[in-house]
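Okay, so here's just one chain, in structure tokens, the form predicted alone.
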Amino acid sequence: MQLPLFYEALVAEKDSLFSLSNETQKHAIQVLRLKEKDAILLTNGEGLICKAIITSIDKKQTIVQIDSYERINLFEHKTCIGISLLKNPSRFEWFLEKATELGISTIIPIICKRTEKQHFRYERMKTILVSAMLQSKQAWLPELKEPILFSNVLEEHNYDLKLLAHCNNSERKFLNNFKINQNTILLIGPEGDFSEEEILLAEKNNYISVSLGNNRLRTETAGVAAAVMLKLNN
């Protein structure tokens, strides 16, 4: 039986004893009914997994003793998806969950010309990422950026391969034919797609236009399809 995995951002390799956060304590003790001497796993979302033993429990805190550490390497090449905010937040949240499960490194919500307004609840979105990371038994939490204008995301300099997925009839390369052997960013537009001006601006900034296939996809579906292709070819 697999040990339960919990997210503790502050846990570090130097720790021998660690006090669980209120959220972890509630889930571990009240929901899972764990007791003293039970073993659990902790991750800081930055590649560290610790095996720990519950040593004491009271109403105010639960203390664990760190038994062993494991360092999980990140994929050699980072993958970033910049994706338009959506009017329906549940659809955007679904994309966040699936992108996390697939191991995307960074997610950038973008505001395009045709993006419909949405109130971005950062803490809620981060909670969804944490939940998906734990559910898929991973040790790396994707970096979630605050929403950014399309023109500003083009200034990201941490990526060697820059891709723009759109449905315009101009020449595009099929994403699945790319070998992802360098840090890569891929941008996905809103319902209604990127405007022609945005496509031209991206291409002037060294973005390569790509296709995700013959079908016209919803934004969140396109995001998941792109995530699958990026990870399979990494």
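The model shown is predicted, which means the values in this text are computed figures rather than measured ones. The first residue of the shown sequence is 1; numbering continues from there.
Separately, the form predicted in complex with another copy of the chain exists; it is not shown, and the next lines address it.
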4.5 Å heavy atom contact, residue 176 to another copy of the chain in the predicted complex: yes
According to a 4.5 angstroms non-hydrogen atom cut-off, is residue 14 in contact with another copy of the chain in the predicted complex? no
Contact test in the predicted complex: residue 106 vs another copy of the chain, heavy atoms, 4.5 Å: no
Just checking whether residue 118 would be counted as a contact of another copy of the chain in the predicted complex - the rule being heavy atoms within 4.5 angstroms. no
The listed residue (38, 203, 46, 191) that reaches within 4.5 Å of another copy of the chain in the predicted complex by any heavy atom is 191
Assert contact residue (another copy of the chain, in the predicted complex, non-hydrogen atom within 4.5 Å, options 110, 102, 164, 141) equals 102
Can you say which of 128-136, 110-118, 77-85, 150-158 gets within 4.5 Å of another copy of the chain in the predicted complex, counting heavy atoms only? 128-136
Heavy atom within 4.5 Å of another copy of the chain in the predicted complex: which residues of 211-234 meet that condition, in order? 215, 216, 217, 218, 220, 221, 224, 225, 228, 229, 232
